[in-house]
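Listed next as structure tokens: two forms of one protein chain, kept apart as structure 1 and structure 2.
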Structure 1
Amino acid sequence: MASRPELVAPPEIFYDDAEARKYTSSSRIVEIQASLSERALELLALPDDGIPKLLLDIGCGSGLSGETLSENGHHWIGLDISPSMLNVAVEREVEGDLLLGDMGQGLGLRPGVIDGVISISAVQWLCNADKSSHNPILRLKAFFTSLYRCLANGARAVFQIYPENINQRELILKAAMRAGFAGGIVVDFPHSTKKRKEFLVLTCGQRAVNSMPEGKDDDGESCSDDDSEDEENQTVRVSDRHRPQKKQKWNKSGKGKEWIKRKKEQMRRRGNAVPPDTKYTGRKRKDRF
């Protein structure tokens, strides 16, 4: 496709009857969807206990990703905003339960019932304001907040995304962190322009893992993207944050001690001369002597 579909029209309009059937009948797209879904399922790291899990497929479309979940023995619920896509899924007799809805308005699911979430090429649509009433920040907040609520403790959510720029990546990641998730970006094939894939891997609850999975390279081996990250991509590193505290202490400039240390570390990486950290770093000065 020559241009990004999210720049052409809103999803419920772009994926009309003709586009939905064209999308589902393309053998290339079917193969790509299956590959991405398998990788997302791998990153979910579900326990190998032989018990089927209840998974949520956000932006399920015509059920191509759901077929991968069914083949792996799991039950799933699919959510999509396009009626045409869901009609094709019904015609194909997919095994999952299908819901018509806008993820930007939140997920109407019971708390703690979902064991894992995958999403292929869908979340970045929330970064666009397709209507005058749309606010990307508020829509991302509604989505991630409701997603956190419906996930079981310690469950993961894996989103394959293709953000248009670094600002979109930061917008999505920050919204997830503010909702209480821990996680970060996993990059497969970081040194390839065509094969590069980004996955946002999130974990909720107090059993959130401390380590992140690594991306894959051309040989299928695990790799780290540290060497290829430029300065602006430093903002997408892993965060081990859980629920944000309601109250935080700030100095008068609005910048806390951790913010100051983070900025000093960025300056050191750029080769600038920066004073060493001491017990006085970030300490609030008295109003007067």
Structure 2
Amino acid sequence: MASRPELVAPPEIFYDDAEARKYTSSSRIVEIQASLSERALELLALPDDGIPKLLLDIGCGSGLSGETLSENGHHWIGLDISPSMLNVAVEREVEGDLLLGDMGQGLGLRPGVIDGVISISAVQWLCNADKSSHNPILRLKAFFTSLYRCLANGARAVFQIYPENINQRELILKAAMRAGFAGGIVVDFPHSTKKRKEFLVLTCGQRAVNSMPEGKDDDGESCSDDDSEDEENQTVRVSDRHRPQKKQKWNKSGKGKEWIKRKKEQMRRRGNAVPPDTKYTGRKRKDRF
């Protein structure tokens, strides 16, 4: 990667209309973000009870990460600071609700209501001071404390991050621990410069936590990035190695496009305001099997 977007401009400026469009129409990016989101969802280790959950997507952008949540049947609320990215999300008719907001200002959500959080390629942005009034430490603190508050007991938050260096990783991790989270960093493909991916996996509250989930590697052996975790973080570790999440079933019984169109037509006949049908209406979700 040539230069880090974080060093170019503040996020709401960097992700302008042109960049938001370019970002979302790159099939390479779409693919990468989808697989990162799948992995984050797996690390969330939601209860395997087939009931949709209410999740947050922090730095949701144009909805590439949120779409993975929808495909798995969950409801989500996405927060992003870039109006252009959110506009693209609206155009693409994502199923989550969108909020224009700055995670560094803290989240205005009621306590204990959120079942899980993902954030894909976004939190490293908090390490920059884009305005004279910005203090990264305070902004990270505001973010993690408010996040901790809105999570249900035992819920997890998984952040895929691109820290610029060790200091940034430490900064983020420390802020999370101070806010009360337990957990640490999971590294997938640590030996590959290209495929290496870092996930900050956090739990909140009491539910028993034994060991960090393991990272993936090409040789099929699992690995954990020991040098990135200091003693403090190892006192509490994230729950037992979970089974890969069962593919959930509700998509299968989906009534699909025709059903939605019929239902919309009914609502229109009753004189209600219903958006027009587009190519996105009831689009087929990826087959999960």
Partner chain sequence: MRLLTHNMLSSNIKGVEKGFPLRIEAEKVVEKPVEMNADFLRKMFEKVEWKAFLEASRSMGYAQLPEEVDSGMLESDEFLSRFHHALLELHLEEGALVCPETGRRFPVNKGIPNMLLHEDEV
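Numbering for residues begins at 1 and runs along the sequence of structure 1. We call the rigid core the largest set of C-alpha positions that still match within 1.5 Å between the two forms. What you are looking at is a predicted structure, and each value in this text was computed from that prediction instead of being measured.
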- Item | Identity of the form predicted alone, given as 1 or 2 | 1
- Item | C-alpha of Q266 off by 2 Å or more between structure 1 and structure 2 on rigid core | yes
- Inspect the rigid-core superposition and answer whether the C-alpha of D17 shifts by 2 angstroms or more between structure 1 and structure 2. no
- Query: In Å, how large is the C-alpha displacement of P275 between structure 1 and structure 2 after the rigid core is aligned?
  - Reply: 73.3
